[in-house]
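A single chain comes next, written as structure tokens; it is the form predicted alone.
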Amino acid sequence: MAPVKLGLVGIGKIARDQHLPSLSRSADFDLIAAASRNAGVDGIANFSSSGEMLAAMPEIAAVSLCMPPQARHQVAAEALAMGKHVMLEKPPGATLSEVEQLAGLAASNGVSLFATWHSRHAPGVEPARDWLKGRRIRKVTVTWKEDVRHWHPGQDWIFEPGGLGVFDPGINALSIVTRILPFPIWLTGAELTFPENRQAPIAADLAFAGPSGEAVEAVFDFRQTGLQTWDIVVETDGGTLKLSMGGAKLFVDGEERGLGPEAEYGGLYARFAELIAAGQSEVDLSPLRHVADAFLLGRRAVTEPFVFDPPAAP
């Protein structure tokens, strides 16, 4: 089949770091246009808005949305209503209800909607899922700590309502946990730490339960400098599994297992192409639902103000 003509909306850090390199290697998609208020992509048509892009280039069959979640719903709804297939960066939206509305809109217009979770395509995730099948899981410990200044430099939107704060990376851990565990979990308690000058948390401690008394504990923190920590440890009756580096490495009882290369975003675009070819959508909201539950159930703690560029020491 001929490559699907695609437009990319939102040319920021994640688009440049991941989407553009993956699309350049994809045989499934032909990137022909981009829409961004402040940036462009060399060698293709560039527009200041998605509406302008789609009006000028009706040959675009699919769009991939990389803008912050607060602004994504309207753009996605307009594209779906025009009969375009839509791929959503994670988190898929600012609320559960708006993404559910998009899923209905995709179905009524006969197009594909793909709510992506890129960490599920890390090379260790499916092997971990397979290894856990048939084993009794006793405890899961998640430690997800990174430096917001490195990964989101100057991006104040991430601490605005709908930006999720530390749950922007933490939801990656939840997407892996909900993929590898063979049973559902639900939140039983949470403490969310907010900088006194921000609207979204900079750290979170979460506790979940499983149907047979399994305990899942998660610690998220956006203030870690130096070596970053993205680990999931699963204790079972048949040994201990550890996913490290966000799923790029897999250990069983301390012994590293061989894995394929990292290709998360290549995997996303390959899956998007499969969904389009099959006339299907994929909209799993379980990671976002856990985040919503944390905001519902979590106790609030306040910490010192956060600024991206602190004043230089005298």
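Remember, it's a predicted structure, so these values are computed and weren't measured experimentally. Residue numbers here begin at 1 and follow the sequence given.
One more form of this protein exists, namely the form predicted in complex with another copy of the chain; it is left out here, but the text below deals with it.
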Distance check, residue 90 to another copy of the chain in the model of the complex, heavy atom within 4.5 Å: no
Considering only heavy atoms, tell me if residue 306 and another copy of the chain come within 4.5 Å of each other in the model of the complex. no
Even though the partner isn't displayed, in the model of the complex is residue 213 close enough to another copy of the chain, meaning a heavy atom within 4.5 Å? no
Contact test in the model of the complex: residue 151 vs another copy of the chain, heavy atoms, 4.5 Å: no
Report the residue, out of 231, 126, 98, 205, that has at least one non-hydrogen atom within 4.5 angstroms of another copy of the chain in the model of the complex. 98
Just to be sure I understand the contacts: of 187, 158, 142, 137, which is the one whose heavy atoms reach within 4.5 angstroms of another copy of the chain in the model of the complex? 187
For the chain shown here without its partner, which stretch in 284 to 292, 248 to 256, 27 to 35, 271 to 279 has non-hydrogen atoms within 4.5 angstroms of another copy of the chain in the model of the complex? 284 to 292
